[in-house]
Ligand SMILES: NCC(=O)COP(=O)(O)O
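Only one chain is included here, represented as structure tokens and corresponding to the form predicted alone.
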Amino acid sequence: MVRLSVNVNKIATLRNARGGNMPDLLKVVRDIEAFGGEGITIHPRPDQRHIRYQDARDLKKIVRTELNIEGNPIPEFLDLVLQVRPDQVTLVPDAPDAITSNAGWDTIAHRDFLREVIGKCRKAGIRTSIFVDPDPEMIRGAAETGTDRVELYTEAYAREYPTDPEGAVKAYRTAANIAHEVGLGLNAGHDLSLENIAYFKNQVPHLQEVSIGHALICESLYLGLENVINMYKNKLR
């Protein structure tokens, strides 16, 4: 079964909108785990517009499944990760003003930088993953950085899935097989939803974990958080 890591950025966005503590991020995370979520993902950005750096420190104390911290490894982010020591860090090359992640790493051009960052994380006992497009060259390049896993950026799949499911997933299937061949674990995330997750899981081999936030929270407004988490888990079996 593919593990479901729930990204709780949107819960923090809602909390921050009124300046208080409603909804209570820590309570929601406890509930997600109680409902069957198998991991918690957060993506603290420099402006802390949703997840704050202190949230990462607080969540480390209560998460009982797996804590995955995503982000661009600028010095402040890397200091946070090495202090908190999550189960996994996912390195994402997003600009400070990006609304959301919109591209994977060029693992060849940034090989030496990634190798240095990953070395520090692995020394601290943190599993590493690199956010990449489903490009065979980038997958092979990732293997040269020392990373444990790659996370396939699935926005293109989600965009094309409604009109051409097979065309949408083809590059991801190839990328998954290459990742397996070069000894990398495989995660995926971005714009996956109840509509498209089952087909992706069934078509993409060697998949270990998906990280889902925006769609899952939106679907929960209509269907309820506990119900939606179990709907995802059923589709990922």
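We number the residues from 1 along the sequence you see. Quantities reported herein were computed from a predicted structural model and do not represent experimental measurements.
The same protein also exists as the form predicted in complex with the named molecule; that form is not shown, yet it is the one meant from here on.
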*Answer with one of Val29, Ile212, Ile197, Leu186: the residue that has a non-hydrogen atom within 4.5 Å of the named molecule in the predicted complex.*
Ile212
*Options 167 to 175, 186 to 194, 199 to 207, 31 to 39; stretch whose heavy atom lies within 4.5 Å of the named molecule in the predicted complex*: 186 to 194
*Taking only heavy atoms into account, state which residues of 143 to 164 are within 4.5 Å of the named molecule in the predicted complex, ordered by sequence.*
Glu151
